[in-house]
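What follows is a single chain, given as structure tokens, in the form predicted alone.
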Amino acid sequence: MKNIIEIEDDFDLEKIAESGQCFRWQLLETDQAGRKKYRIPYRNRCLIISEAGGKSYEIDCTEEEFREIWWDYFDLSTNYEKVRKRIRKKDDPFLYEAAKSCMGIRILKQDPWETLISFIISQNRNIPAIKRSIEILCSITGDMKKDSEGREYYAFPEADAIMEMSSEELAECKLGYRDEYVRLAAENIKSGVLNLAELSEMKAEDAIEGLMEQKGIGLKVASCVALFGLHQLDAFPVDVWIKKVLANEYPNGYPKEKYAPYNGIYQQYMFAYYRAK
């Protein structure tokens, strides 16, 4: 089943895929016109979406299903063009240019549990290594499924499945010291010590503090989980790239209050812009 959906707001599949917030998107093909097709697994669902020219995208589900599930996933209820245009060129030429260059990035509403484990795994690693470990984890513990075109993929495992993994199986995922933290996170989710639904209802700073109470979750990971998993759009993760941005572009301090409650969106523009440079 192929349908066409029109998206009028800022939306760029490739920029979202390369933004460092999602690790399980798979680029399936690029046609002669340079248009890309992606497979996106999400909560035991799977979407194949491809660029169809202009603001049109081909999807392998009905428009009704897209609006019931994927509309929310892509955060299409938030007007990113409007958020981007809050930046005044004369006041902040750097952020203005970053937003213009990286227009189309959106903060996905990802599964909080998957995001938690993915960013625990991400500590001190590059993106290809993160993706490999997550895919191995899924292949060992997740249910095997097929997309609409018959290709196999694995669902992300539930907490029970991770808790049941042997030390040898965790070692296969090449997590290093992170395997202890992954198992502990699964145990805390299962026991209710860590309640992601409750954290999602808190302010960003409170949710981050709650996440940091867990062993193996520092400020950067907690901020990423808050932004990409709990959809706290004011969370502002600081990694190597953002440290460079703050040092080079905001030596007198970044005006976080001015850009609230969308600092997380602006952080993504900065992150992607500096990586590209």
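One-based numbering along the sequence shown. Keep in mind that what you see is a predicted model, and the values were worked out from it rather than measured.
Another form, the form predicted in complex with the DNA, is not on view; read the next lines as being about it.
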{"query": "Proximity to the DNA in the predicted bound form, single hit among R125, K85, K145, K190 (heavy atom within 4.5 Å)", "finding": "R125"}
{"query": "Heavy atom within 4.5 Å of the DNA in the predicted bound form - the one residue of W113, Y80, Y181, Y73 that qualifies", "finding": "Y181"}
{"query": "Per-stretch contact check against the DNA in the predicted bound form, the hit in 146-154, 92-100, 202-210, 129-137 (non-hydrogen atom, 4.5 angstroms)", "finding": "129-137"}
{"query": "Heavy atom distance at most 4.5 Å to the DNA in the predicted bound form, all of G104, K109 and Q232", "finding": "no"}
{"query": "4.5 Å heavy atom contact, E65 to the DNA in the predicted bound form", "finding": "no"}
{"query": "In the predicted bound form, D239 touching the DNA (heavy atom, 4.5 Å)", "finding": "yes"}
{"query": "Close approach of L175 to the DNA in the predicted bound form, 4.5 Å, heavy atom", "finding": "yes"}
{"query": "Contact of L47 with the DNA in the predicted bound form (heavy atom, 4.5 Å)", "finding": "no"}
{"query": "Residues in 244-261 close to the DNA in the predicted bound form, defined by a heavy atom within 4.5 Å, in order", "finding": "K244"}
